[in-house]
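Single chain ahead, by itself, as structure tokens, in the form predicted on its own.
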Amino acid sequence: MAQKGNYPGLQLDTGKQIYTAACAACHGRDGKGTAESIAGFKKPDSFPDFTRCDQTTAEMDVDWKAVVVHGGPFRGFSQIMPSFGEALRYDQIDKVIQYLRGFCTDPHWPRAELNLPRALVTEKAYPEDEVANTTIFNTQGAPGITNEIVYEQRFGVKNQIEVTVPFTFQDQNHTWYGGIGDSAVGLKREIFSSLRTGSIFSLDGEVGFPTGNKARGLGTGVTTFETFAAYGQLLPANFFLQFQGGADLPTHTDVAPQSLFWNTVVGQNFAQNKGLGRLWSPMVEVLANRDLTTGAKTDWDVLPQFEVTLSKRQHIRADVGVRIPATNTAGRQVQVLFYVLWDWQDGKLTEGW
């Protein structure tokens, strides 16, 4: 892409030089933002402070590049942020973004490039601020619908708390029963992440509470501890791999058996507008579960799916897929799964469209 610079007579070879010439008037030389009395405009709520690692590390380089090239409205931000697509070359924009990264001085925050797309079942390793509502429909046998609401909140550099509340409705002998299922609270901690290798690894522990009515098939009737490890890996050509492996450990095995599970996701990201626009992410999950009882067999499922960003800011996303039993299919139903996700750290539900 040929671009003509609009800063004659200025030396713009480094990120600092470009930032000083093109950005500092509004964003301040220190990255915290120029005072409104000097800048001459009222700052929108989304105005960034580049020294805040919790804000900057949660955004990918491509997110910043999209706003610099096309202006704030391209990603649902204020029109106060102008377009620099004709004023700066792409290589200059890349340099200034790398300079902006230096305002966050704590290297321990995991970068957003490692925040891979959320699969329908497999949990990812990145600590996140989001709310997801997943709906599961049975396509065979007795009709049933489950809505699972998951709230995730990051705290500190590497930690995340997660609360899960399911609501289930089932047709049992031509009578519908519904109510809350077994809720859970979990804690995730990122153990290792490296943008250089494209890797992230986390550990998670959860406690499931018997809040569902077991007699109506809405819960297990027992407290369950779940522990798992999650791993994510960036691959060439915008492919990615995610893995989750762990165990469900109920406190009373005569009520519910202990089990092991291991889930794998392979996917690829496609972005419109030369990599700066709407993101499409086809994925395939391979899911396995095995009860720790004598003679038990491993249940294998395949779950092809497709995630797409809905809002310009890409903080509202949707994913739809079909879970197909591959082994031990007797009594196990094909299910359609769908979620809508809101990354609330990036803005309100009504913003960014």
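These figures come from a predicted structure and were not determined experimentally. Residue positions are given as counts along the sequence shown, with the first one as 1.
Another form, the form predicted in complex with a small molecule, is not on view; read the next lines as being about it.
- For the options 103, 77, 167, 231, the residue carrying a heavy atom within 4.5 angstroms of the small molecule in the model of the complex is 77.
- With the partner removed from view, the residue among 132, 276, 218, 81 that has a non-hydrogen atom within 4.5 Å of the small molecule in the model of the complex turns out to be 81.
- Of the candidate stretches 59-67, 323-331, 297-305, 283-291, only 59-67 contains residues with a heavy atom within 4.5 Å of the small molecule in the model of the complex.
- Interface residue remark: residue 27 is counted as part of the site for the small molecule in the model of the complex, having a heavy atom within 4.5 Å.
- Put simply, residue 31 is far from the small molecule in the model of the complex: not one heavy atom of it is within 4.5 Å.
- Proximity of residue 46 to the small molecule in the model of the complex: non-hydrogen atoms within 4.5 Å are present.
- Interface residue remark: residue 96 is counted as part of the site for the small molecule in the model of the complex, having a heavy atom within 4.5 Å.
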